[in-house]
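A single chain comes next, written as structure tokens; it is the form predicted alone.
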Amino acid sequence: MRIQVSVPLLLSDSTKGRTKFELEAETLREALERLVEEYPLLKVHLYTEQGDVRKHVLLYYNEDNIAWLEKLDIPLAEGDKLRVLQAVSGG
């Protein structure tokens, strides 16, 4: 299944300059794995060395933060979206 992926412009140097692209996967877990396989530089920005999602990063599957999901083995459907968001703060 092909899904639409979007990443912030600030991370586009890790995705060959692209902020929107398609990714082929059957489950959400597979999509997350393929995302960092195809764009290994992105992994450093998304995950800690222990493999946890960094605190300032939000990964959304359609309208749901993946941190809220009980499982990641969700079958993907046509039109599904995976969005990478970064929290920004400052003063």
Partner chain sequence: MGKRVVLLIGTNKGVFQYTSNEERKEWKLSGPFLPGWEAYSVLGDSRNGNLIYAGTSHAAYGASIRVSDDMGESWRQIENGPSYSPESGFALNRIWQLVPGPASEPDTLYAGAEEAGLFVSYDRGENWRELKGLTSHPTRPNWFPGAGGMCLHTIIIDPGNKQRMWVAMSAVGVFRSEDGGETWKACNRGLSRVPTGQPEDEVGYCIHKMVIDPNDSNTLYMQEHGGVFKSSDGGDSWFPIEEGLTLKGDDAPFGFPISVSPTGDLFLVPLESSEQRSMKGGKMLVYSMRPGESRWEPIGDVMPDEERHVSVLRDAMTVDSLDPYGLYFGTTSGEVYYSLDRGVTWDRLPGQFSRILTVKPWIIEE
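Numbering follows the first chain given and starts at 1. Given the structure is predicted, the values throughout are model-derived calculations rather than measurements.
Beyond the structure shown, there is the form predicted together with the partner chain, which is absent from this document and is the topic of what follows.
For the candidate set 74, 11, 25, 82, a heavy atom within 4.5 Å of the partner chain in the model of the complex is found for exactly one residue, namely 11. Not one of 17, 31 and 34 places a heavy atom within 4.5 Å of the partner chain in the model of the complex. Although the partner is absent here, residue 66 is not a contact residue: none of its heavy atoms lies within 4.5 angstroms of the partner chain in the model of the complex. Not displayed here, the partner chain is kept clear of residue 6 by more than 4.5 Å at the level of heavy atoms in the model of the complex. The partner is not shown here, but in the model of the complex the stretch 46-72 reaches within 4.5 angstroms of the partner chain through a heavy atom at 49, 50, 54, 56, 57.
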